[in-house]
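Below you will find one chain, with nothing else, as structure tokens; this is the form predicted alone, and questions on how it binds or moves follow later.
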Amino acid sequence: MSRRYYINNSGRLKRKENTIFFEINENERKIIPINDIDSIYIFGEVDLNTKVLNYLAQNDIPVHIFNYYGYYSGSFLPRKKNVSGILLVSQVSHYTDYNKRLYLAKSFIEGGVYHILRNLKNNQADEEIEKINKLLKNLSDANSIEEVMAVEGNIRNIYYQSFNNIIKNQDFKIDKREYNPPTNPINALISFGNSVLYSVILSEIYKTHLEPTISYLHEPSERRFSLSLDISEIFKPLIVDTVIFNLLEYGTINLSHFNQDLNLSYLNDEGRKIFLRYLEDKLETTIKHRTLQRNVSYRTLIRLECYKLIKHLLGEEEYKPLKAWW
């Protein structure tokens, strides 16, 4: 089974004949078998040329690039071979038909809120659960995307405030969710985790016939691959937040794993490596799928969510967001 490669060091990614290798210096190089690569995530300062990009493209391998602070910059996506004109037309028609778009937008939030409540229940946050359950009625009554996003924003405000009770480490307190850029370690963890998850989902979308630029909750014009943002709503609390809770509960990550420059906080190299290792473990964790009757990983669940969306768009089966049953 191919796997994701996270490159945290600086160096050069090269191709020699039919082999990819990462060269840190003249004496240190690592061979990466092409058949072993699912996707590549670059966090260090890496040089690469068209020769290696062409070879990666021939093998359908996307490359995701992150900036100095560990936040997503962009992706190199090979020419898409999995294309379907019928599906593209259906994707567009579900965007232009407002009621169809609204149904999908609500579904993504419904799945995400289910996993938010699951996290709160696991941490006995009864007061926050009650508040969010009251807001859920507003979600079902919402008549516009703006109303859906407003409900989602209010729910997330309550959810993130609950982190101050769930996370016992006093160094990781949150006053409000910050984005560009985060000024404290807990916001830095959330932003980094969501950023990597976004690109993981993009890789899974890329393997299907879905067009990643057509979305329903987020405006397609806002971000290049906005369908990744839509689907990530379901998986952020299920994957990223639980990784954060575990890392902080056992002190695996602490303040020594962050750099703080003026009003900016971000994971340093060691912190980033730790987070990526735990995130990778989470993505490869398997559960028994009650319909397929076999073990599937969290990463496979993301792909399955894409297939469910395709069935809905083609009118084969109504889309219902993933709700963890285990």
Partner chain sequence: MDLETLKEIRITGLKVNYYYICKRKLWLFSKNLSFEKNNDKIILGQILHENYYKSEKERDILIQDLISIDIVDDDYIREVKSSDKMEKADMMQVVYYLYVLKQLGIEKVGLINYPKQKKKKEVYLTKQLEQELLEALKGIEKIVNQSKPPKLEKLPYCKKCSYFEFCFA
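Residue numbers count along the first chain shown, from 1. Source: prediction; values computed, not measured.
Only in words, not in the display: the form predicted in complex with the partner chain, which the text now covers.
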item: Listed range touching the partner chain, judged in the predicted bound form by heavy atoms within 4.5 Å, from 193-201, 162-170, 136-144, 80-88; value: 80-88
item: 291, 304 and 315 each touching the partner chain in the predicted bound form (heavy atom, 4.5 Å); value: yes
item: Distance check, residue 12 to the partner chain in the predicted bound form, heavy atom within 4.5 Å; value: no
item: Residue 310: touches the partner chain in the predicted bound form, heavy atom cutoff 4.5 angstroms; value: yes
item: The partner chain contact in the predicted bound form: residue 265, any heavy atom under 4.5 Å; value: no
item: Contact label in the predicted bound form: residue 60 to the partner chain, heavy atom within 4.5 Å; value: yes
item: Option touching the partner chain, based on a heavy atom within 4.5 Å in the predicted bound form, out of 156, 209, 115, 131; value: 209
